[in-house]
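Shown next as structure tokens: one chain only, the form predicted alone.
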């Protein structure tokens, strides 16, 4: 990959830098990392900017491997119709949202989308159950009992569901997140 044919020009770097969701991501490092996931013969700048990398390849990145939400993260950022691959721009967007420069509003918006497993714009009981299972694991020894899960979700909704409609909408989620000072610093992926 060391040849000049595989490096982004300064103009392209500036263009991608300005087009990320936060506007300030080291695009050259991200491009190098994206190219590492491509077959050797598709690592030229032109081909790499048109290529899509499968979710399996993205999920193999050490930075995502241990994340319990890795599949959802990839699906939320994928622009392919089947949501099964990422383009370089998708990859840049993912990295920019999980960077230190992303604002708490951007981070909380994407966290909400990641936790909204059914993509209906709210966190309902099923979404919350899936969220808890991702965090605790679904093996026999870590899974919560039905009564423990119900109690936990009841407590989450009691604390977060301001309008008492039985779901958590984006503004309610952002309100809860705003009271969590560690959220923005923990919601990150470092290349």
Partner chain sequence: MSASALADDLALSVYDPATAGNDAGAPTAPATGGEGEPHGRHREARLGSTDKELKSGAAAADSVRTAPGTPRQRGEVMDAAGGSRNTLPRPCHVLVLLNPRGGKGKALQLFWSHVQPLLAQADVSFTLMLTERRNHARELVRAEDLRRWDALVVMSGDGLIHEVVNGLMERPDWETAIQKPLCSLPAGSGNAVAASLNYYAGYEQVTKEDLLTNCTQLLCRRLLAPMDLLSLQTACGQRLFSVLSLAWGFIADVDLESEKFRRLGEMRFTLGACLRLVALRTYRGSLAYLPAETLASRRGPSPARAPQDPADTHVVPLEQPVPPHWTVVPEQDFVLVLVLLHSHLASDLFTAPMGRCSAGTMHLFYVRAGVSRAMLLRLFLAMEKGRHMECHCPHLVYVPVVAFRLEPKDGKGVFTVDGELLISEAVQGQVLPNYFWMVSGYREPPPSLKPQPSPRRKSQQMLPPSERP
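It should be emphasised that the depicted structure is a prediction, and the values quoted were computed from it without experimental measurement. Numbering follows the first chain given and starts at 1.
Omitted from view is the form predicted together with its partner chain, to which the following refers.
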Practice item. Answer for residue 171 alone: is it within 4.5 Å of its partner chain in the predicted complex, judged on heavy atom distances? Key: no
Check your understanding: Does any heavy atom of residue 143 come within 4.5 Å of a heavy atom of its partner chain in the predicted complex?
Key -> yes
Check your understanding: So in the predicted complex, does residue 131 come within 4.5 Å of its partner chain, heavy atom to heavy atom?
Key -> yes
Practice item. Check whether residue 155 has any heavy atom within 4.5 Å of a heavy atom of its partner chain in the predicted complex, and answer yes or no. Key: yes
Review point. If we check its partner chain in the predicted complex, which of the residues in 75 to 108 reach within 4.5 angstroms of it by a non-hydrogen atom?
Key: 100
